[in-house]
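Have a look below at one chain only, the form predicted alone, in structure tokens format.
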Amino acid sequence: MLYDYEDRLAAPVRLKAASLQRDGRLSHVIFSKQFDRDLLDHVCDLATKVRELARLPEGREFLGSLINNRRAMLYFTQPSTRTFLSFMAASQMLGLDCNEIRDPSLSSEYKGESTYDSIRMFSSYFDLIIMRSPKARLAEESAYLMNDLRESGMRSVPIINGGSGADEHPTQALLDIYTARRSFDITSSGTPSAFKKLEHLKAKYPGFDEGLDGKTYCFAGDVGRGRTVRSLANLLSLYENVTLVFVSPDDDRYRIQDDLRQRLHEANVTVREETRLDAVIDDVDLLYMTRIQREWDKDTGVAPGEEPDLSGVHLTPELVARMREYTPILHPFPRNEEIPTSIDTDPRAMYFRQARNGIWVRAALIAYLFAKDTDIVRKHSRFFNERHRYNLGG
């Protein structure tokens, strides 16, 4: 029955993930557990191909023609700058015409229309709905609505979750994984200097190797309410022999939630919890900083002055000096006081590059949803497989 989702929301994650597929491909992108390692690799590899094609005039022309007969609605009723602009840029790169609603008072919901009726109406006008909402599980419910419409022989379009309540932010996690992969793909360029760098790192840090397996990942800040933390932790649990360290203030609001802790244990992930960064900073392979999400305190009456001591989850130049020389520093932004701007020039500070990576990853994901990934792979091969073969025989 339309708009009745209680049973489906309560279903096991595997069953829900299966319902969001069609013909062996994702039909909607709602939560991070929809991705396995093969699909992660495919999207990340596709993002690199998009990035490289976008460097060339003919590549940009090709990308702009991929989906230029389709339209996208960006339905962002929760404040957003980076995610909104990243999705807008990614959509436009692929030739999609875009419209937006960022203020519910400008839609018919202001007149009492239900959100579900609004989503169904958008699906009549547009071919893709990208949404960000303060309402938990709204993106998931919207995907089930689209599934019901499809099964009834009516028009249905893909839903992409750009952030739903405090639940998840799957596309942020995808670009985080992509940034981490690029950080640890030391020899991907194939240059002699890259192999020398890897040799140096292996000598200095015994046990270090390329790739995301066997690494220690540290999340610091509001790890309990950060939906980016939940999504990225789920994706990292797909890798072998990883340790996830969660550093948060000594307050239940900020600590990792029980459901995520249990899920990670079931995935054989080593989980460590601390209250100060200085207790772990020397041994982490990747540092993921987050802000304190004070907007969730508005309804609790907690004032900023009532917060616990936050200094233990702030990054300082002194702590950065203790970090391993290869350890990337990531942040989903916006940042507050947890990373001083003096750290921005450190070569390990990857957060601005991380934000730019969102364009490539989201473009790759949209192309995948419209089954244009094979076209990108074929065009990239045609553009980049040719190499000079120099005559070195004298």
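Throughout, we count residues from 1 along the sequence that is shown. Given the structure is predicted, the values throughout are model-derived calculations rather than measurements.
A second form of this protein, the form predicted in complex with a small molecule, is not displayed here; the remarks below concern that form.
Given that the small molecule is not shown alongside this chain, does Arg230 nevertheless sit within 4.5 Å of it in the predicted bound form, heavy atom to heavy atom?
The answer is no: Arg230 has no heavy atom within 4.5 Å of the small molecule.
Even though the partner isn't displayed, in the predicted bound form is Ser123 close enough to the small molecule, meaning a heavy atom within 4.5 Å?
Residue-level check for Ser123: no, no contact with the small molecule.
Hey, in the predicted bound form, does Tyr351 get a heavy atom within 4.5 angstroms of the small molecule?
Result no; Tyr351 lies far from the small molecule in the predicted bound form.
Within 4.5 Å, heavy atoms only: does Lys196 come near the small molecule in the predicted bound form?
No, Lys196 is distant from the partner.
Which of Ser91, Gln172, Asn234, Asn161 has a heavy atom within 4.5 Å of the small molecule in the predicted bound form?
Of the listed residues, the single hit is Gln172.
Pick from Tyr326, Phe333, Phe62, Tyr368: which has a non-hydrogen atom within 4.5 Å of the small molecule in the predicted bound form?
Contact check passes for Phe333.
Does the small molecule come within 4.5 Å of a heavy atom in each of Arg82, Arg132 and Gln293 in the predicted bound form?
Every listed residue reaches the small molecule in the predicted bound form, so yes.
Quick one: which of 23-31, 50-58, 64-72, 333-341 gets within 4.5 Å of the small molecule in the predicted bound form, going by heavy atoms?
Answer to the contact question: 333-341.
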